[in-house]
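What follows is a single chain, given as structure tokens, in the form predicted on its own.
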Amino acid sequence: MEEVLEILQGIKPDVDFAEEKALIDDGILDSFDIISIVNGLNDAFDIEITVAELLPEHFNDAEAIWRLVQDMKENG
């Protein structure tokens, strides 16, 4: 989880990702941010997040992003 938070902070250092629960719903992250996050996650965790996983509920908070990473690591 710490590595996910570091990736997020690298993209938007002014956001408190540990507390924020509506990153997509509140427009905190835009499509360019999501692309950067996906690239960072793919590299850091050796996974391949596909278009099918690019759903708002997977990116609305750090915990959801962490669950996505865990799922991708377990199920590919």
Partner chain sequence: MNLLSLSFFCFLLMLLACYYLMPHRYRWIVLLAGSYLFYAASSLRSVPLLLFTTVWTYAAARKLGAYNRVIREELKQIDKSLRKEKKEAINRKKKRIVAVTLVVNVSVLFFFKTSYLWKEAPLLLPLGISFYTFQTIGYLIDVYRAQIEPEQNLLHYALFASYFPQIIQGPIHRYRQLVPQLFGERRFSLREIKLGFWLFLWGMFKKIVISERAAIFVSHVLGSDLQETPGAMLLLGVFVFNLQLYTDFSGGIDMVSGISQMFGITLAENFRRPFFARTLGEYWHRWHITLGTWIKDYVFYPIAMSRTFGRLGKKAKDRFGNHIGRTLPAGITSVITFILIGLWHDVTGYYFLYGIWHGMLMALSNLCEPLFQRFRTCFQVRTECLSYRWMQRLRTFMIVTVGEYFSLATGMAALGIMFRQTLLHFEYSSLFLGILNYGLDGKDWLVLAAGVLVLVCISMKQESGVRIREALERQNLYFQWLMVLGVILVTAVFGVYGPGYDASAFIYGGF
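Not measured: the values here are computed from a predicted model. Positions refer to the first chain, counted from 1.
Here the subject shifts to the form predicted together with its partner chain, a form of this protein not shown in this document.
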{"item": "Partner contact for Glu57 in the model of the complex: its partner chain, 4.5 angstroms, heavy atom", "value": "yes"}
{"item": "Contact label in the model of the complex: Ile11 to its partner chain, heavy atom within 4.5 Å", "value": "yes"}
{"item": "Close approach of Val38 to its partner chain in the model of the complex, 4.5 Å, heavy atom", "value": "yes"}
{"item": "Joint contact, Asp30, Ile34 and Ala52 to its partner chain in the model of the complex, by non-hydrogen atom at 4.5 Å", "value": "yes"}
